[in-house]
Structure formats: structure tokens, C-alpha cells
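Next up: just one chain, as C-alpha cells, the form predicted alone.
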């Protein structure tokens, strides 16, 4: 079992996909059955509004953590996304940033010590600066994800950020690590985008995530509806990218030894050695048994013992990783933000060993 991890998402340059990554990575981890807390440490509070949480008239927010309030749980709100809670941001954070009396860089770390054991992942959406708030986030974190847009100017401040991280390690948090550099807004049609990636790999190859977040319209549109890309358009390329990223993080392997999860789905299918044919030796289960299956039937137990290819024939691969031992499908008769049914299939030796159906209801 993996230890709880606090991950900051930071880059002093704006517009690189930092908040988009914070929202959709948090949701992806939650969908993959991880308990996640998202902390909006940006005075603009875009991660908060991007998940449909209204910032007006909020009595409790991340400001309370910096003020040392004892009951931290009052600042934690439920979200529409499975297994995901949020500590909302506030414009009042700007006052903390400019207040020279704020010198306690351990404030956020002290607050999160009381919460860390309750979650698998705590994701911090940092302010687009290297000031007091970001320093607190770095001191509180185990690792940092650095989103970098595939353009020249996005690379300009990367060395400065890495230098700041090194200073924090020396002075405040010797255990701080770099989770990885995440390439965002990639358009493979543009030669310049590919050139930036190649240059980064020359200097930071071991730090580059295998997953690349491609430019996707749904990723841009989802926040205006107060939701993640998974509720807006679950099958789009942006959803697939962030689920692949979450799996890459969950594998918790050295970056240079990770499996390539950023491949196109058709390539993953092509690379696998599995046979597409159904198991002929099992006379009690054949293709005809599964053809009449429907979501209305809800008799998911009949899927026990099915191979991955049999599951794909029924549900499709959607945004699951063929090489993973846990697949997830959203199984709802109607799309609703307030009710979600998820089917979790756990594989052992390429066959469904365990089935779990969970309902997430926002109240």
C-alpha cells in the first residue's frame, strides 16, 4: 500500500495548465478509487470555481488554515467528483501574500499534518508566483509536479523554479522531490512544440512524465461549466491523458523505469500479446451469454471470470489502461452531476477476480 502523498503543482508562469492539471488529476485519482483532497492555494481560486464551488459567502476556506484554526474539517467541502474533497481558495489569500508579518513557512505543513493520514493524495494548486504561499506549499509537500507548456517562453523560467526548489530543500524541506515535469498543451502538428519537447528531454529526460497532455477543446471548456473534463466529456483525449497521468503517478516507480502510458489506445492494443479469441474451454460462458447484457440488468456478477478482451467486447476500453489490473466504467442510465455509478473490475491473471459497484451521491 502506498504512503499518503502531498503533491504541489507549481510554475511561476501563468497559462501553462497548472490549475487544469490540479482539477483533472485530482478527479482522475478519485475515479481510480483514491481518496483525494484538493487544496486551492491560489488567490484567484480558479480550481475552486472550476469544480463548481461558489466562492461567495464561504465562511471557511484555505485562509483558515493559514490563520491556525483548530477545526480544519470546517474548511473541507465535498465535490461532485467521486472520492474528491476540496479546501476552497479565497481572494483573501492575496492579503497574506503581501503581509510582511507572515514569516511562518511551516503554517500549511502544520495544518496538513492533521489531515494527511485521511487521504491517499493531497494536491495543492499553487499560486503562479514564488512568494509566501508557494513557499508554504513547497515546505508542506512531498513532491512537485511542474506543468510546462510546449512553447519557448514556458521554458524560460524553468531553471529559476528548479533553483528555488533546490533552495527549499536545503533550508526547509530536505525530503522535497520533483514528481515530474509535465508537458501540456501539446499540438503534434506544430514543429515548434516537438522541438521544445526534444530540448527538454535532452536536459531533463529522467524528470519528464511519459504522459503528455495534448491540446484539447474539452479541457478548456469544462471549467466554464464548473466541472472536470470527466463529467464534461469523459471519452475525450483530455480525459485519457489525465487518467494515464494518474496511473503513472500511482505506479510510484522511478521516472526512467515507468511504463509508457502515454501511447495512443490503438497502439496499446497493438502492442499487447493477448489473444482476442474468447476462452473456448469454458462451456458455461461464451459470447452469446454476454450479448444480451445491459446496464438496466445490473447483474454485474456475470462478468466474474471474464478476460480483458471479453470486457472490451462488452464495454469498450474507453479510458482504461489495457495493462492495468483495475478498470473503471461509469454505469448510469442518465448523466447527472448529483448521482454517479461506477463499476470497478479487478483483474488477476487477465481475468476478472473481484467486482465492485459504487454510487457517489453529492448532498
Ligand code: ADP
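Numbering follows the first chain given and starts at 1. Keep in mind the model is a prediction, meaning the values are calculated, not measured.
Keep in mind the form predicted together with ligand ADP is missing from the figure; the text below concerns it.
- Although the partner is absent here, residue 216 is a contact residue: one of its heavy atoms lies within 4.5 angstroms of ligand ADP in the predicted bound form.
- Among heavy atoms of residue 173, none comes within 4.5 Å of ligand ADP in the predicted bound form.
- In the predicted bound form, at least one heavy atom of residue 16 sits within 4.5 Å of a heavy atom of ligand ADP.
- Ligand ADP is not shown here, but in the predicted bound form it comes within 4.5 Å of a heavy atom of residue 220.
- Partner proximity in the predicted bound form, defined as non-hydrogen atoms within 4.5 angstroms of ligand ADP, places exactly one of 207-215, 164-172, 84-92, 134-142 at the interface: 207-215.
- Between ligand ADP and the residues 185, 122, 181, 240, the one pair within 4.5 Å by heavy atoms in the predicted bound form involves 185.
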